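First comes one chain, alone, set out as structure tokens in the form predicted alone.
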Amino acid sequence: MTGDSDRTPSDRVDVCIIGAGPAGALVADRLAARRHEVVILEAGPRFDRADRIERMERSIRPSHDLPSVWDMGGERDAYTSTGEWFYPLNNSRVKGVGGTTLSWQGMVMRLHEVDFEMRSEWGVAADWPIDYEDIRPYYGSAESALGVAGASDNPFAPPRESPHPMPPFPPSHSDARFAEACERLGVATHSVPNARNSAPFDGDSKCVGFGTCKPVCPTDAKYDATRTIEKATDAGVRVIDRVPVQRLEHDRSGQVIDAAVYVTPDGETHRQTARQFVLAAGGIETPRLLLLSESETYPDGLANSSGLVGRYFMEHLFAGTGGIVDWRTRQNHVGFLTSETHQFYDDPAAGTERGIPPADAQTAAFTPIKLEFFNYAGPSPVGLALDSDIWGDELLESLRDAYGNSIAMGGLVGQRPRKDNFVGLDSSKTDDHGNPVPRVHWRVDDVTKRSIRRANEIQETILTELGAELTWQVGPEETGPAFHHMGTTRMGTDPAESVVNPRMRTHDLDNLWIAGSSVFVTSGAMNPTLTIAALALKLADHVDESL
């Protein structure tokens, strides 16, 4: 690990940002470009880029679990899960400069227009206080900042203003076979926008196919927020790592944040003062810090006059189906997706004239569904052999039958905002600084389960059209989270029904802003990072106007 050993605060700066993930990095970079003085306080370390090969090696050895790849776990990262479904929080986040983009898939789709208007269009959930056109120009800027490889071949995508910065990755062999089957069924397939280099980009090499994109890319071909942090640092932003913020302090009026109080690794406590504060610590730690910052004026925590800080926690749920075919898929482990379909996103109940049956319920009875065509190599022949009880020619024949002919589909299903899904504080357990740990209270409701079953039905039809024998399925009882934390400080115009306004400034405090997916009003079913980035750039413009 590397980093500046001077962790004393700067003199009062224009903007103090808490969190060095993609949202914090992009806000900092844009504000620094406009000559504002910016400090970022990051709870985790600045990882040494030279260690990434070692981290990749660690990720493929069975003696290490996923959180250990990026040093998650222990007292610092303690949490509790109290809902009907256990939430494996430390599998879903990275604390450090770069944040969870250090361990993500890199899929970067725009939300659909309907995602901003679920109440108006479907009569469910709530509308965002902004629409697609409000965020549309920022999506383009975000795609440039992240370096997105993609094509304008998605007939279901919202309108866009320019091509992606890089061409798409070519489809895999199984993608082509999926496309043939889908065409027979009347299902359109298209490419996946990826934040990884299909060509040399911005000083980094093109992807060379290590296939370990998640949890770690060893070559810098996949975007992570350290790329933006480096630019921001060159422009004058100061990043102080390993300084978890303990609380935010407000002035006597209760209208303005005075300082962020943080602790250094050697136990010293400091106060960073600033004119504006941007909280960009993710969907878990952002509400936690607000709740930890209670005061006499705000006994229920900062920015919480609505009582909604931590409420409406949302996730995406996984649905998958796989099987074997009587032809060779010629797959190798690619590590990322190259084809998908959004055909059932805006209307999950719809069928096709050529084979996908309509659902037995109306559209509003579902949540959006995004379907993915896996670059799935199937089980390892070594693993198959080690698990087998046969030998010799019989074993060889069984391996030939079982390897190189696997095929699978996945997909994400959205979750409606529910007040009883929340992130709170658990005072029965404390972190390494004596603070209550985050408590994740989460369940998967019937609408989400119905949507997962609908995704499975469509997957089964497509795989059957391919001639596959279905051998496994992840349905509503086996599903799990996609590790997308959304919705704990929701956006709105009514201070009684939301935490931040459409400019992402808190209703309660004049100089406190929130960047990240915690402001999402609905989840959609798209991987959220591109929308996080677009909203961060929008927020930066609003903060700039306030300075």
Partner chain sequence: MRLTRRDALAALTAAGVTVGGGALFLSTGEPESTADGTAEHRLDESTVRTLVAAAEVLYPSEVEGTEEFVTSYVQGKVEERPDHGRGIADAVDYLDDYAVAWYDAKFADLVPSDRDEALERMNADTAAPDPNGSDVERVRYFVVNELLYGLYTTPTGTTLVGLENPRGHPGGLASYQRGPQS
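C-alpha atoms forming the largest set that superposes within 1.5 Å between two forms make up the rigid core. Quantities reported herein were computed from a predicted structural model and do not represent experimental measurements. Positions refer to the first chain, counted from 1.
Just so it is clear, the following notes concern the form predicted together with its partner chain, a form of the same protein that is not shown.
Asks: Where does its partner chain sit in the predicted bound form: which of 155-163, 325-333, 108-116, 91-99, heavy atoms within 4.5 Å?
Replies: Correct option: 325-333.
Asks: Report whether the minimum heavy atom distance between residue 470 and its partner chain in the predicted bound form is within 4.5 Å.
Replies: Residue 470: no, not in contact with its partner chain in the predicted bound form.
Asks: Since only the chain is shown here, I'm wondering whether residue 34 would be in contact with its partner chain in the predicted bound form (any heavy atom pair within 4.5 Å).
Replies: Flag for residue 34 set to no.
Asks: Please check if residue 408 has a heavy atom lying within 4.5 Å of any heavy atom of its partner chain in the predicted bound form.
Replies: No - in the predicted bound form, heavy atoms of residue 408 and its partner chain never come within 4.5 Å of each other.
Asks: Does the 4.5 Å heavy atom contact test between residue 122 and its partner chain in the predicted bound form come out positive?
Replies: No, no contact at 4.5 Å.
Asks: Counting non-hydrogen atoms within 4.5 angstroms of its partner chain in the predicted bound form, say which of 380, 295, 264, 305 makes the cut.
Replies: Contact with its partner chain in the predicted bound form is made by 380 alone.
Asks: From the list 151, 349, 395, 256, which entry has a heavy atom within 4.5 Å of its partner chain in the predicted bound form?
Replies: Residue within 4.5 Å of the partner: 395.
Asks: Where, within 169-191, is there a heavy atom within 4.5 Å of its partner chain in the predicted bound form? Residue list please.
Replies: Sequence-ordered list: 169, 170, 171, 172, 173.
Asks: Superpose on the rigid core, then tell me if the C-alpha of residue 402 is displaced by 2 angstroms or more between this form and the one not shown.
Replies: Indeed, residue 402 is displaced by 2 Å or more.
Asks: Is the shift of residue 333 between this form and the one not shown large enough to count as movement, that is, does its C-alpha move by 2 Å or more after the core is superposed?
Replies: True for residue 333: a C-alpha shift of 2 Å or more.
Asks: What happens to the Cα distance from residue 391 to residue 62 in the predicted bound form: does it get closer or farther than here, with a change of 3 angstroms or more?
Replies: Closer is correct, given that in the predicted bound form the C-alpha spacing of residue 391 to residue 62 is reduced by at least 3 Å.
Asks: Knowing the shift is 3 Å or more, I'd like to know if the C-alpha atoms of residue 469 and residue 387 are closer or farther apart in the predicted bound form than in the shown chain.
Replies: Distance between the C-alphas of residue 469 and residue 387: longer in the predicted bound form, by 3 Å or more.
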